[in-house]
Every structure is written in C-alpha cells, then in structure tokens.
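Given as structure tokens, the chain that follows is alone and in the form predicted alone.
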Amino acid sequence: MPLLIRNGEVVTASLRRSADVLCDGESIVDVGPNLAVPAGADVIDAGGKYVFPGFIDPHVHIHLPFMGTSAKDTYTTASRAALVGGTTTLIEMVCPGRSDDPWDAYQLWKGKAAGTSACDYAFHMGVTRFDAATPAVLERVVADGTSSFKVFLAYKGAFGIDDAELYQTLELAQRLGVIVTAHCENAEVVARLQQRLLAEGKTGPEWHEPSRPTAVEAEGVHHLATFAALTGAHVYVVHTSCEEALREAAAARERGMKLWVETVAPYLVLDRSYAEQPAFEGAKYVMSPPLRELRHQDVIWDALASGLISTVATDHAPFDFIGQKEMGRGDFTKIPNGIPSVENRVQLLYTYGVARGRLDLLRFVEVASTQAAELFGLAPRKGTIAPGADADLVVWDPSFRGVISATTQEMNVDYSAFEGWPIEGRADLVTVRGRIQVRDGKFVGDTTHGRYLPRKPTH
C-alpha cells in the first residue's frame, strides 16, 4: 500500500521546505508540493509537524557481556525503544573478549539481532586482539558487509589492544578502505589510577571520574591520531567527553588527519555531579569516559554546532541499578559502565539543543542521522529524504510536551538517568522502509521487520 505524508515541513541536512512525501513499497518515490493521492494510499496529515529522515544511532551496545554480567536489552526491546525515540537504524559494537574467536563472536552478535529487531541495524567489528589469523577473519567480516572496526585503548585485559595491535589494525583498515572507530583513553594509566584510589579507600562511584581524567582521554586521542598519520587510516573517535580531547582532535584535523568525532547524548546534558550523588545513586551515571565538569558542556555544544563534532550517538549500555550496578558497591571499578539512552537521544538533542537555540534544524538532522549514514556507508539509502532512499521517516510534533520516566520507557532497564526531565517534541509517527512502526508516539509495529544492512568500504 502506498504511503503519503502530506502538509509537513520536510527537513534534511541541506534544506527545509513544505512538501509531501510519497512512499511505495520500501522506498521514497516522490517529494514535492501537492502530490496526487494514489489509489488505496494510507494518507498521513503532518500539518504543523516536521518530517525528518529516520535517525541513526551509530554507537550502541545491545548484546554485551561485560564486567561479569550482561546488558539487559534484547534487540526486541532496544529496537522498540529506538523507534519510539525516532531512531530507525542502529549500529552495534561487536565486542569479543580477547580469548574469543572473532568470527564466532561476529556470528553470535548477528544472530542476536536476526529476526528480532523492529528497526534496521548494522555493526562495527571489534578488534580485541591481532594475531596471524586476524587479517583473514577481518577481511571475511568486511566481505560480509561490516565495513567498520572498533578498537579500545582502554579496558586492559578485556577489550584493550596494545600498540603493535593498534598499528596492525589501522594498517589493515587502510588497505581495506575501512574506517576504525576508537575508544580513546590509556588503559595502563587508568589501571594505575584505579589501583591508587582504591588503596586510599576511595571506593565510591564519585571516584570513577578521577580515575579517568580528561588528560587521559586527550592523550588517547593524540595517540590514535599519531598512529592514523603513520598508517593513513581513517579514524572516528567515539564518545568524546571533554574540551581537552576535542583540542587534540581539532589539531589532528588541522594536520590533515582523516579523523571524525562523535559525542553522546549524556555528555550534552549531564555532568559529573550526577555520579557524585550519595547512597550509591551515582552508580547510575557511571560510564567511560566519565561525565565531566559542567564547563565541558558548552564546549561540546559549540563543537557540535561548528562541525568539529560530526555525530551524536548514545553508547547505549543498559545495566540495571538493582543487581548489576550494585556489583560495584565498595569498588567503583566493578560498576558496569553505561547510561541507557537509545530511547532518549533525539528528544534530548531536540529539547536541549534545537529548542534552546544551540542547534538549527538542519544541523540537528545532520548530526543525528545524515553524517552517520555518510561516514558508515549507509548513504544514500539512509539519512535523507529523496526519491530512491529507504522510506525511513519521522513525523515530529514540536508542540508535544512530556516527561521522561522509567515507568513509561521501552528500554529494558530499571531506571532512567533522566527521570522527571521535561521534553519538548516527540516522534509521532515513524516508518522503517515504508512500514509504520510508531503511531501517536507508541510502538505499533512488527518486531521482526528490521534488516541487517550490509555496507561497502567507503574510505
């Protein structure tokens, strides 16, 4: 059945105009004013509302064995949450342990999503060791359509790689035309600081940030940029949290490095005082890199508006407060890291960015959708509204007013980091390849509709 969205204001990364959007099957077939209504069409009146391309979250964790436990979401719950928040495509990090077989891990992650996701999805392949067998495995992964890697310059003994492995990964990525996403800290320094703080009896969640100070993140970005320069690889710094790291990224780009920067929604609206709350409440806000001093928020917003930061993701990693975050009572290094936010990203960015005058609508679409599509080989199928693109659309009601609460969220986790926060605007209607998955802000769709998105190397 054709789908016609009428009378809305269509907004992409490059233009906004009053127009109708006609979809047939899984694709957009026409965009323009006063389009004729095809026979049998489902007609949606978007008067007074925006029509955005489906949003893309380029950094999520759904299946994640980590720190002796496992993330709570499944693809069924996470994809529903994403869609209610306006996100139609997820890119998940495959994170094998150093002792795991990487191809088996890749197949495990893909299998967790297959037939259980309501939205479309792709992967970044984690490289957590590099040995003689690694190149052949990674070439096989790329041939399968996963054209981006992930490395950790943190989590010593778990996901972290050493300098020889980093160099070899980047060298291979450059040869294959693959972009490498990177968690930039310094595993050795973090381990030493953690040991010192615990020895001093500093065990609460408020000590997580001092164990990973801004200098450590900045050094990680500089380190990555040095190796990228030597290998010619294209790199993407994930979850950038602070001014010092941004300065290193800007300097690398000025030297001609092919380096892009991501931040995540929590850094835009939260600061380290949340992790300093008493009675262990601060554990809800432990993530890495950590929440920083309030002064960094304006710097990140400015970098987002200026283009230094290319994308806003979530690093969604849902762990319950009861029974999981509590594993770190008496030792902050054992608190599972992550702030669940796949459902909240777009509303937070709109409410505290667009509605506050920090981002215009075009840049909002660019950082929440289009740039991710272009960087990670999803364009022109995703990230825009144009004939031939997938019919992933979000009809956004800017007049909506509501409140975030764990009692109403789709995410399978027992708390919200944004409990009671007011929000402005919501995704009223969301389509994935022409199928209506959200109507009136509620999930109404098919939890098996999502597809794996194979991608070709683009770098």
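Position 1 is the first residue in the sequence shown; the rest follow in order. Treat the numbers as computed from the prediction; the structure is a model and nothing was measured.
Unshown form predicted together with N-(aminocarbonyl)-beta-alanine (URP); subsequent notes refer to it.
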Notebook entry, point to check: Counting only non-hydrogen atoms, which stretch in 359-367, 171-179, 130-138, 309-317 is within 4.5 Å of N-(aminocarbonyl)-beta-alanine (URP) in the predicted complex?
Noted result: 309-317
Note to self: When the contact criterion is heavy atoms within 4.5 Å, does His61 count as touching N-(aminocarbonyl)-beta-alanine (URP) in the predicted complex?
What the structure shows: yes
Notebook entry, point to check: With the cut-off set at 4.5 Å between non-hydrogen atoms, does Ser211 touch N-(aminocarbonyl)-beta-alanine (URP) in the predicted complex?
Noted result: no
Note to self: Is Met287 part of the interface with N-(aminocarbonyl)-beta-alanine (URP) in the predicted complex - any heavy atom within 4.5 Å?
What the structure shows: yes
Checklist line | Contact flag, Arg292 vs N-(aminocarbonyl)-beta-alanine (URP) in the predicted complex, heavy atom cut 4.5 Å | finding: no
Check: Only one of Phe227, Tyr236, Phe152, Tyr121 has a non-hydrogen atom within 4.5 angstroms of N-(aminocarbonyl)-beta-alanine (URP) in the predicted complex; which is it?
Finding: Phe152
Check: Looking at Phe400, Phe66, Tyr415, Trp421, which has any heavy atom no more than 4.5 Å from N-(aminocarbonyl)-beta-alanine (URP) in the predicted complex?
Finding: Phe66
